[in-house]
Every structure is written in C-alpha cells, then in structure tokens.
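A single chain comes next, written as structure tokens; it is the form predicted alone.
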Amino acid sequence: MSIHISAAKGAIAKTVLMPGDPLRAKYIAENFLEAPVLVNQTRNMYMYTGSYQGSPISICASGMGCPSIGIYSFELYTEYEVETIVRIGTCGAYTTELELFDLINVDNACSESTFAKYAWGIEGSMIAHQGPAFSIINETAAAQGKKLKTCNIHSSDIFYRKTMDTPEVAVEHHCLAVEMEAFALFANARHLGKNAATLLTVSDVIPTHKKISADQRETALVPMMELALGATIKI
C-alpha cells in the first residue's frame, strides 16, 4: 500500500487507464473489463483491475488537476511498478478547428503550472508525451477506423477565470484545447523514465459555447474508451 492507495502489492497491472472521474473508472471497468476487481476505494478514488481481450489492465481514477494526478500517478509508478499510464478525459476546444466529439492524442502538454519545476526541476512550459503509447494510440485509431487529431493542449490550474481570453501559454504553443492534468502526468513520467499518453474527447467548444449534454456524455466517450483499451493491449 502507498500513502493514498490501499491496493495490495501486485493488485495493479503494469498498464493503467486513468480517467479523472471515479465513477467513469467504475463505468469502464464494469462495461469493458473481464472479471474486474475493485482494488482501491480510499477517498472514493476507485481503482479496478481486470483484463481486456486477455491482457491485464487497471482503470484508476486520478481526480482533477495537476496536484491530484501528480500524487496518484507518482504512487502508481513508484509503489505499484506501473510502466504506462494513459490518461483519458475531456477537454474544451479553444478554437473551431476542433468540433464536439473529436478525439485528440496529446503531443505536448503546455502549462503555466509550477508543478514540473518545483517537483523535478524540469524547466519550461511544455512537456511531451513519454514513451511509445502515443504512437500506438495513433496506429490503433487507424486500425479501428477512428479519426484522431494530434496537437498541443493547455493543462490549466484554473477552471474559472476573470477573462475568457485564451491564456498566453496556450497561444505561444498553439494549444487547440484545454484540460487540467496531462502536464503533471507527463512530468512524472519524464522524471521517472516511465510511459505516459493522454487521449481526450472534445466536450465543449469555448468560442461557440457548444457542449456535450449530460445525457450524451456516457455514450459520447465510448469511442475514446474503446480506442484507449485497444491501444493498451499493444503497449
């Protein structure tokens, strides 16, 4: 057990899919995994281990923001010997170059967050995906006939802000969308020599105020889940 995860040693697979929402982790485990077992529920941060097409995999929630995913991904990498984490989540599009339901494989996560600098001495505001998962996701999308976009995204520490203007760091690095976790995940993976990728579904388009309805969310995210699961068995 680690400080924040109560799973027994060996109870978590080497490859982890990491949604932010614990209930989304529960949904994926119960609807896609074979023989899923709940291995952690400390702080209601649900984590399940099962198999997908015969390959062991864990689904572990991260919570919201760099501090939360920073804690859980670090403990998974170091205490549970996880090799690969693929974050799966939603994002808001800064531009109409993206549409609702678009799938994004994140090339670089860019942020004004000080997480990487003060945790690991990593300078700069941009960190790339780590390891082969990014390429495997691209290959799997092609094999599944799914359209997939690759781009830089902004990992913001702020959800509510005074102005709706696109933040400077996102403009500088041509970030097409915003979420809140990938930067910390990539920083941890880079520091530890582990693998990390982030796969996102566009849930709202900020300039037009279009958004996926609450009723649409469950089914809207299924293509992303199928793609992520298909990729993990090849990692």
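In this text, residue numbers run from 1 along the sequence as written. Given the structure is predicted, the values throughout are model-derived calculations rather than measurements.
Omitted from view is the form predicted in complex with a small molecule, to which the following refers.
S.K.: Select from the listed residues Leu33, Met45, Val169, Ile206 the one whose heavy atoms reach within 4.5 Å of the small molecule in the predicted bound form.
M.R.: Of the candidates Leu33, Met45, Val169, Ile206, Ile206 is the one lying within 4.5 Å of the small molecule in the predicted bound form.
S.K.: Give me the residue from Val39, Ala189, Met180, Ile28 that has a heavy atom within 4.5 Å of the small molecule in the predicted bound form.
M.R.: When the small molecule is considered in the predicted bound form, the option within 4.5 Å is Met180.
S.K.: Do Phe159 and the small molecule come within 4.5 Å of each other in the predicted bound form, heavy atoms counted?
M.R.: Output for Phe159 is yes: heavy atoms within 4.5 Å of the small molecule.
S.K.: Is Cys91 part of the interface with the small molecule in the predicted bound form - any heavy atom within 4.5 Å?
M.R.: Result yes; Cys91 sits at the interface with the small molecule in the predicted bound form.
S.K.: Counting any heavy atom within 4.5 Å as contact, can you tell me which stretch out of 191-199, 172-180, 47-55, 65-73 lines the small molecule in the predicted bound form?
M.R.: Result of the contact check: 172-180.
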